[in-house]
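One chain comes next, on its own, written as structure tokens: the form predicted alone.
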Amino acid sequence: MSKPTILRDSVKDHLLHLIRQGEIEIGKTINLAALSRTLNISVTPIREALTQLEQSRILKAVPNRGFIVPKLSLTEAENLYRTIADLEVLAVEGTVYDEQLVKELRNEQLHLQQTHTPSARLASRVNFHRILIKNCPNTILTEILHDLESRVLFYEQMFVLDASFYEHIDNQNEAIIRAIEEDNVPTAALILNMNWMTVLEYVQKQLVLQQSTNYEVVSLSVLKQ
């Protein structure tokens, strides 16, 4: 791997970390010059990394502004979660599960059940899904999924504020593991798809609630004027 490629991938990982931590705000332009100074590298690998993240739909290029993390819409949420569900099912169907991988899944499932904050449970949930596909031989597929899941993590940490929400997810994860242990991949894939749709439904409800609240605030402001 060439040095420019290594730099680009390092910048990409750094940006994904900032997005996961919420340090890059929605709608705020990413400052290339500031990143260049912080990382002590030229803007070229930074721009390449930003372009890759845009292609993964994690960032959006806005004319005359630059790159931003776009606000999630109902349509975008549905497209994002359904795409992840479809791709992850494909990855699971192409994965051979041995005892070690099943053990890792069970350990992460146990960790998920023992965490008590929304952010910790979300991080564990994402890690569960990454373990689920870690042995998939299609590396292009897994790279796309990792990029998309970074965006999911960014949005879910804003919307999922109640750790008890993940209790239903716990049951689905357990059912996925049992199906894999029984070598019943079709059932595991079905539950996996249901798992992502459960989260999608929750996020959509939060988006509708947020939009309704914003509308009421704007209406109240207009009336006061």
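A quick note: this is a predicted structure, and the numbers were derived from the prediction, not measured. Note that residue numbering follows the sequence shown and begins at 1.
Another form exists, predicted in complex with a further copy of the same chain; not displayed. Remarks below refer to it.
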| Are T115, P118 and V203 jointly within 4.5 Å of a further copy of the same chain in the model of the complex, each by at least one heavy atom? | no
| message | Test of understanding: in the model of the complex, would D170 fall inside 4.5 Å of a further copy of the same chain by heavy atoms? | response | no
| message | Taking any heavy atom pair closer than or equal to 4.5 Å as contact, tell me whether L153 reaches a further copy of the same chain in the model of the complex. | response | no
| said: Taking any heavy atom pair closer than or equal to 4.5 Å as contact, tell me whether I140 reaches a further copy of the same chain in the model of the complex. | reply: yes
| query | Is there any non-hydrogen atom of N40 lying within 4.5 Å of a further copy of the same chain in the model of the complex? | reply | no
| field | One stretch from 171 to 179, 54 to 62, 23 to 31, 185 to 193 that, in the model of the complex, holds residues within 4.5 Å of a further copy of the same chain by heavy atom | value | 54 to 62
| said: With a further copy of the same chain taken in the model of the complex, which residues across 28 to 51 come within 4.5 angstroms through any non-hydrogen atom? | reply: R47, E48, T51
